[in-house]
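Quick heads-up: it's one chain on its own, the form predicted alone, in structure tokens.
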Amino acid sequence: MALNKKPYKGTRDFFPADKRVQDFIFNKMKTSAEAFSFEAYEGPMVEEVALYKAKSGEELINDQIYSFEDRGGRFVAIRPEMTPTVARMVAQVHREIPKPIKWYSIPNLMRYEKPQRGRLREHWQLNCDIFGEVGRSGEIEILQLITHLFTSFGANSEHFEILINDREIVNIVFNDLMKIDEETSYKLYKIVDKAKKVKPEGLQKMISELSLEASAEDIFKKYLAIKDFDELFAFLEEVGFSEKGAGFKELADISAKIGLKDYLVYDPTIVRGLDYYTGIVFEVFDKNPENRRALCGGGAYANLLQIFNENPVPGVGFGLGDVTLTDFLATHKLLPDLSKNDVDIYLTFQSDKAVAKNFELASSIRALGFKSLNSLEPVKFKKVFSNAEKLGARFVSILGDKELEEGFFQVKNLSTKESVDIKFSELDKLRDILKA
């Protein structure tokens, strides 16, 4: 039986044109992170399952990880996320290195998901985290970094928004105002997370099943109805908890002053599912109705390193997957045309006599810092220009017997159609031409 030519379900083959798109996206990620002085890190592809059990939810462990027993009898998994790894690494060094610790990575991750639009079993994800006494400044910088990255692709506030909440605000509502117990609070978090994904009658049914006091249910519904920052802070003032919300108001005020106001939208239903978030929580959403979905998410946390019996080291960060980002860029037509290779000059020759000289020219041109594509075999003149265009070359050179004898080669600009003869001894002229 013939082998299947298709990749494993939920993974992708990256042919050169696809890889150019991926490299373009990764370069933007890298450039944006390093513009904020984040440093790159990497960890192993395989970790012990115990690491994920200590930090992640049961769904990940039971249904989504690729796990196996290695030859040493250790129960390990292909990494499904990067946060446990970075926490393990920071736990090793946080006492010795300066803070804040600002690290980023673009790891390859595997989860046993049901493949669908925006979600595959294998993906890459930009992770950016700040560890240390970050406070509101760290949260603001993370939001600024996300905005910087998306706008570097040409996106603006018409394309995306950052829906944001603060777990401290949620705690005020649940603990101080509604005065519910921990178990009910946990159930309410789940309801809040689903509030915009179900119909009103479905939402009411979930709330009713909790048998809340009438006053508590009224407060909860009033909270869910809050539409923006102004309404939130008016609500906190009304219920006498404006002081507890002062930190989040400071974030909103500073964000408005530094150009983030057009992107940040307060949303009471953003709570994030992971238990370790303790401060702000946010999700970046595509505003296009054809791709209205979360693109990435993150937030602030205080207790992540406690799984290693370390003292709390607060942090803030986010993860952005390449699948959802690529869909976003394609939806808004923000990807450049990367269907062809990027070649400075395509070097052709018309007879075997010129083979050695063509290789010599190719080496000299590469030494000048340009990308040259050698034809490797004689090319008929009528195919030179069509080949060059298909191969993504900006310029093409022609080297025939006559040129070889007289010591020059022809160079043609495929865009302007202009041609120039260049002597073998005057390659500096070619440098100026290719720079144009």
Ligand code: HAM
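Since the model is a prediction, treat every value here as computed from it, not as a measurement. Start at 1 and count along the sequence shown; that's the residue number.
Missing here is the form predicted together with histidyl-adenosine monophosphate; even so, the following discussion is about that form.
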Sole residue of V265, A294, I307, V198 within 4.5 Å of histidyl-adenosine monophosphate in the predicted complex, by heavy atom: A294
Residue (of F318, F229, F235, Y104) lying close to histidyl-adenosine monophosphate in the predicted complex, criterion heavy atoms within 4.5 Å: F318
Proximity to histidyl-adenosine monophosphate in the predicted complex (heavy atom, within 4.5 Å), stretch among 147-155, 171-179, 188-196, 105-113: 105-113
histidyl-adenosine monophosphate contact in the predicted complex: D166, any heavy atom under 4.5 Å: no
Non-hydrogen atom contact H159 with histidyl-adenosine monophosphate in the predicted complex at 4.5 angstroms: no
Proximity of Y276 to histidyl-adenosine monophosphate in the predicted complex, heavy atoms at 4.5 Å: yes
Interface membership of T326, histidyl-adenosine monophosphate in the predicted complex, 4.5 Å heavy atom rule: no
Whether T83, R119 and Y301 all lie within 4.5 angstroms of histidyl-adenosine monophosphate in the predicted complex by heavy atom: yes
In the predicted complex: members of 122-161 within 4.5 Å of histidyl-adenosine monophosphate, any heavy atom: H123, Q125, N127, D129
